[in-house]
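In structure tokens, one chain follows: the form predicted alone.
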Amino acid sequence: MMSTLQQHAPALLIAIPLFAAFSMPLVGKNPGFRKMWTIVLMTLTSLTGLMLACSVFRDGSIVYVFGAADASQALAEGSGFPIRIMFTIDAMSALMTIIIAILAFAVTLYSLAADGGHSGLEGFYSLLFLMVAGALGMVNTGDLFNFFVFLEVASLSGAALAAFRIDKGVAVEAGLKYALISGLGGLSVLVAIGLLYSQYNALNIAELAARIQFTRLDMIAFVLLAVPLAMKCGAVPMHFWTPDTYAAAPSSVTAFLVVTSQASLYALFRICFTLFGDPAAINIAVFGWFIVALGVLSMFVGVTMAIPQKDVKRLMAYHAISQTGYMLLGVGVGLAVLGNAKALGDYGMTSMSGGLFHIINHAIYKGLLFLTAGAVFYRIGTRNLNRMGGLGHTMPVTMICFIAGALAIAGIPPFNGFASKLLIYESVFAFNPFIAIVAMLVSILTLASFVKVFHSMFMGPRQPDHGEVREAPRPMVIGMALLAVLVILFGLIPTAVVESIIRPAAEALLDRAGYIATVLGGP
């Protein structure tokens, strides 16, 4: 029984949240049963994801073929051409699956109290499960068209969830904006897929990577893929949707929107390294500098726009943009030196490890910060920093969780953000000292910004118009505490985390030939 479950874990990873999503309108009318149904099925989804990731890190990449007993049955007779839908799960996909699994569980637990007072919750949880299924499909599929399908599932459900509270039309406007940019981005991705399919008669990523000739049409397809994916992850100058959507959405949704943005970031890296990452055939350094430039712009513009904000969630949204810049910078440096074996060995691999480590760290501490902001809003009904104050007296657990997230995002030891930023600082300094100095300056400004936020929210006298304020409900506290523990744990044992899951993910991203061989066979 257990071996069968492990064998079909990739299918269950999508089937469980889809089953939950479509069954929720039927079983979700009873509040007590809805809560139980939600937490049980999200727990199963997260455990399946963690089990699958552990299997990949222990035994190597997994190729799962839908509708066939094994991978060999998915290859056309004598040609090695994939003819079925495949999930190709390497260490990079497994890392992203871990991130989604952790945040999905914490967010769901938190939402049971944070969003429990609203109507239409069976629809809310249907959409949440659809967004989880979409994100998991994006990071595990080995097929470009199916990636597009999962991207649309995650985008449309995310847009609907962003508009869930309506908020006098503000949330609806944010949801429509997210739906519009997601629709335009999805159309661009679909056109790029069409260009590649018209030339190579293939949709499987490994097959395309093996056949690609780097023609002018291929370069157009790269731009049509890279730009919308960079927009979806919130990179400057395509970040305009992020503050509005992140600020208006329920905090539980915002925390998971960060993860779906990172799924788009994963896709950008997969396209750059696996599909187009052949330094013998193309000047890959140009791609690398493109990613580095996006990273530097995102870091600096994000933090400078965050400082004057008065809406705490809008401020955190701009910081999310800034932190995405560190991920782009770290992995971009690795891509820029991909054709230089010495530079890749000296600092390129370390830079990539720092960028990928920052993805999981950012998901945890930024998710935590959005949840703490949501807890404050839940109790006092405002996101305006000028109308807060003194909450540390009555919400001590929320305050402690906020401190852990704030110190992590600012890169202060021993929290997890410091560990990944240190890897980025050291390696990027070897690549370009000026860029490393910019990255450190951004961290200083981030710290200054969150000192202001901490003082405005938790210090000083209590605001008289807040009335009696209590700590957040227990499910919200447990969701926040889970992420806070991981923030501290990853900061205390960074070497173990890097060696066990981060470096294998970086090596998998670099191993283009290995990815192709895993699917198509051969050495």
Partner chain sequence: MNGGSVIIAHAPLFAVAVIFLLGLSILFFKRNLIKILMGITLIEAAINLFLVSTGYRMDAIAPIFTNAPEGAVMALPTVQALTLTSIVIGVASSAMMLSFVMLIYRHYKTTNVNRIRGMKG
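Positions refer to the first chain, counted from 1. Being a predicted model, the structure only gives us computed values, none of them experimental.
Unshown form predicted together with the partner chain; subsequent notes refer to it.
Chemist: With the partner left out here, if you bring back the partner chain in the model of the complex, are 156, 170 and 195 all within 4.5 Å of it by some heavy atom?
Modeler: Result yes, every residue of the spot touches the partner chain.
Chemist: Examine residue 148 and determine whether its closest non-hydrogen atom to the partner chain in the model of the complex is within 4.5 angstroms.
Modeler: Yes - in the model of the complex, heavy atoms of residue 148 and the partner chain come within 4.5 Å of each other.
Chemist: Looking at the partner-bound form in the model of the complex, is residue 277 within 4.5 Å of the partner chain by any heavy atom?
Modeler: No.
Chemist: Is it the case that residue 152, even though its partner is missing from this view, gets within 4.5 Å of the partner chain in the model of the complex, heavy atoms only?
Modeler: It does: once the partner chain is placed as it appears in the model of the complex, residue 152 has a heavy atom within 4.5 Å of it.
Chemist: Whether residue 250 contacts the partner chain in the model of the complex should be assessed with a 4.5 Å heavy atom distance threshold; does it?
Modeler: Output for residue 250 is no: heavy atoms all beyond 4.5 Å of the partner chain.
Chemist: Which is the contacting stretch out of 133-141, 199-207, 322-330, 361-369, given heavy atoms within 4.5 Å of the partner chain in the model of the complex?
Modeler: The contacting stretch here is 199-207.
Chemist: Find the only residue in 397, 436, 305, 403 having a heavy atom within 4.5 Å of the partner chain in the model of the complex.
Modeler: Of 397, 436, 305, 403, the residue with a heavy atom within 4.5 Å of the partner chain in the model of the complex is 305.
Chemist: Using a 4.5 Å cut on heavy atoms, which of 266, 87, 129, 318 is close to the partner chain in the model of the complex?
Modeler: Selected option: 318.
Chemist: Any residue of 174-210 with a heavy atom within 4.5 Å of the partner chain in the model of the complex counts; write them all down in order.
Modeler: Contacts from 174-210: 174, 175, 176, 177, 179, 180, 184, 187, 190, 191, 194, 195, 197, 198, 201, 203.
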